Ligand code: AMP
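The data below hold one chain only, encoded as structure tokens and taken in the form predicted on its own.
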Amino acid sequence: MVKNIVACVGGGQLAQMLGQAGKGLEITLRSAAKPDSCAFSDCEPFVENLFDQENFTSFIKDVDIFTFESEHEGLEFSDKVLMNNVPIYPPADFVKIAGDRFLEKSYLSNLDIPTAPFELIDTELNIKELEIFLTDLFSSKTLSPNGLVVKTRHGGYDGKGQWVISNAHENDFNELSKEIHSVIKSPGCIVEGLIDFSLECSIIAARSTKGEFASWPLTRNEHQNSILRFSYSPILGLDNLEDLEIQAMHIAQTLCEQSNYIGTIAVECFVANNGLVVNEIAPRVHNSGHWTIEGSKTSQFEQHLRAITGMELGDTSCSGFSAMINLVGVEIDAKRFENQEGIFLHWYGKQVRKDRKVGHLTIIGSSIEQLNERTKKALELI
């Protein structure tokens, strides 16, 4: 039986697009967020303080399923949601793991899924001890001959909360240690060895309440200043693509089955010499899967709602070539994109700020030549 009301905490563009997908399935997304949320034109808004019990009772009333817009919002209410006999998909325990880089890397390692080598940074280190720790780790090349990256355990995205050490001198470690020391206690930090890779990619997949599994072709991702700017699917020019596709599906399916995961999931990977190395898990719909809105028979957003509400999963076949361009910190004249065949503007309605994702373009083509031509046109129109 199709569930009619799905609730989440968070009102960003992911909730917005889930709300849009829900309309075609006769599913309402109830979104708890600030009044200026970009999702509210497509969702049922809830702006009251959820920490007030009366407000929370109103929020959860008649809700069939609780889900997550991101791994950073909603977990604090999961116990109360379950006390109201509302199922949570994906499971809150897994979302907690995916939102903590140390737990995430440990979980992946326990499943024999390749990751970057990593260590937890001792929260009790003083600045000088931290400097010595990082200097020795970098010099010894214990984690990687290519350098290190320090990441906060929680939060941080689009390059925030990350410090790359690839060509450092001794003096740099002192300043770096001063900066990092402020966060090694809260939210805590891990240090990873830098991976030598040829490109970044992701697999978007979904598992339903009935155990049905489906995925899309691997997506190639390109970043600028640690922010995703372009995604392309299918990936071209890799001799071992078939092997990588098989490995990616195995990774995603293993994660889903071992954690009883329900919903859409994204697994971000590096393509290294020996195959895929997992960088991060996103327990939700993901930026690199936006191309599926026009590029596949079933979008990642529709698939998520199908998966968590007990419906059969949709067809993930793709008839051509797709690309996605993130619109970051730019104003757009929407009229310029009207009647542009194969080019689709998705505007989030956010206030434009530097380095803020305010929309995206999806581009489709029946051939790679047509896709490239339309992508070039789209870039000219931005």
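As the structure is a prediction and not an experimental result, all values here were calculated from the model. A residue's number is simply how far along the shown sequence it sits, counting from 1.
One more form of this protein should be noted, the form predicted in complex with this ligand, which is absent from this view; the next part is about it.
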#### Entry: Stretch in contact, per heavy atom within 4.5 angstroms of this ligand in the model of the complex, of 236-244, 254-262, 190-198, 119-127
190-198
### Query
At the 4.5 Å heavy atom threshold, is Val149 in contact with this ligand in the model of the complex?
yes
### Message
Quick check on Arg220: any heavy atom within 4.5 Å of this ligand in the model of the complex?
### Response
no
### Query
So in the model of the complex, does any heavy atom of Arg101 sit within 4.5 Å of this ligand?
yes
### Query
Would Phe138 count as a contact of this ligand in the model of the complex, using a 4.5 angstroms cut-off between non-hydrogen atoms?
no
### Summary
As a check of understanding, the residue in Phe230, Phe213, Phe270, Phe77 with any heavy atom within 4.5 Å of this ligand in the model of the complex should be identified as Phe270
### Task
Counting non-hydrogen atoms within 4.5 angstroms of this ligand in the model of the complex, say which of Glu73, Glu280, Asp172, Glu294 makes the cut.
Glu280
